[in-house]
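What follows is one chain in structure tokens, specifically the form predicted on its own.
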Amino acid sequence: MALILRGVTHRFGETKIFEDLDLQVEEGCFCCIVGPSGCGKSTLLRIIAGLYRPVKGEVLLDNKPPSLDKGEIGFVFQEDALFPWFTVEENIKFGLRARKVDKSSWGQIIEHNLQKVGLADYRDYYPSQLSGGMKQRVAIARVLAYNPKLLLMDEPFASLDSLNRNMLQTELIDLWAREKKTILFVTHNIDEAVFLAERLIVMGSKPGRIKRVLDINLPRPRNRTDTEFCRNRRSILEIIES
């Protein structure tokens, strides 16, 4: 297992978020988390990243506590979180500098990752000159540049229109198929989860808990109008609503 959570308990004040939550994610798995608002999906990612410290329990990545500072974990947020005064290339450099990547390799790394996300011709552009989808591609490239073991994504496409969202979903799957990163992807969108996930975690709330873990055994590329796709989507909705 790449990622293991054992007995994770967390509270905000008197409000219980999780109680003895267990989770295992295999290396190279694309795993989506769905559930109602307030069930703790985003909080769970922040605990895994080390941004929040749980009241009880442990988080292990490759059998040891993970380190965000060492570049073992990459985090892509709902908003692109780019620095508006930096160009695309400078935003990626910032991530490399923060993770103390050898400066002599920056040029090659930046070129390689801009090619990955289709933005090699936009290295000198500022975020204000890019579309929402392009900014999220830069955010993904910035994270991939320092080669994290685990990629956490917190509704990264939620603010995009449906056309751009569908396009970036396809690009992300293509990227995952090449890189085989372990990905934990939070979404409210069941269609998105069925399109992306190999494994799907359905959460319940009050307190946050894992209701079901499902394997999505659909061939790729996936067709959103296919009968089995629709059946999976309907089944997940029924689990969430039950």
Partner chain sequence: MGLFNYTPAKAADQTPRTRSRKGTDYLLKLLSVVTVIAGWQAVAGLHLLELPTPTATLKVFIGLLIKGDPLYNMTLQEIVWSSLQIVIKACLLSFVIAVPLGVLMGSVGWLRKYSDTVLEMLRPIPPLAWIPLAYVLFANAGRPTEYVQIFVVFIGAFFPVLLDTIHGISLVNSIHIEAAETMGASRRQILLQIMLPGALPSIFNGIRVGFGIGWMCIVAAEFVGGKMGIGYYIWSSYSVGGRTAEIISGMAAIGIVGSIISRLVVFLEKRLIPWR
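Under this definition, the rigid core comprises the largest set of C-alpha atoms superposing within 1.5 Å between the forms. Residue numbers count along the first chain shown, from 1. It should be emphasised that the depicted structure is a prediction, and the values quoted were computed from it without experimental measurement.
Below, we turn to the form predicted together with its partner chain, even though it does not appear here.
Asks: Spell out, yes or no, whether the shortest heavy atom distance between V55 and its partner chain in the predicted complex is within 4.5 Å.
Replies: Answer no; every heavy atom of V55 is more than 4.5 Å from its partner chain in the predicted complex.
Asks: S162 versus its partner chain, in the predicted complex: is there a non-hydrogen atom within 4.5 Å?
Replies: Flag for S162 set to no.
Asks: Using a 4.5 angstroms cut-off on non-hydrogen atoms, would F75 count as touching its partner chain in the predicted complex?
Replies: Answer yes; at least one heavy atom of F75 falls within 4.5 Å of its partner chain in the predicted complex.
Asks: Could you confirm whether G95 comes within 4.5 Å of its partner chain in the predicted complex, counting heavy atoms only?
Replies: Answer yes; at least one heavy atom of G95 falls within 4.5 Å of its partner chain in the predicted complex.
Asks: Choose from 28 to 36, 43 to 51, 57 to 65, 200 to 208 the stretch whose residues reach within 4.5 Å of its partner chain in the predicted complex, heavy atoms counted.
Replies: Residues of 43 to 51 come within 4.5 Å of the partner.
Asks: Does anything in 148 to 186 come within 4.5 Å of its partner chain in the predicted complex by heavy atoms, and if so which residues, in order?
Replies: Not one residue comes within 4.5 Å of the partner.
Asks: Taking the rigid core as reference, does the Cα of D80 move 2 Å or more between this form and the one not shown?
Replies: Shift of 2 Å or more: yes.
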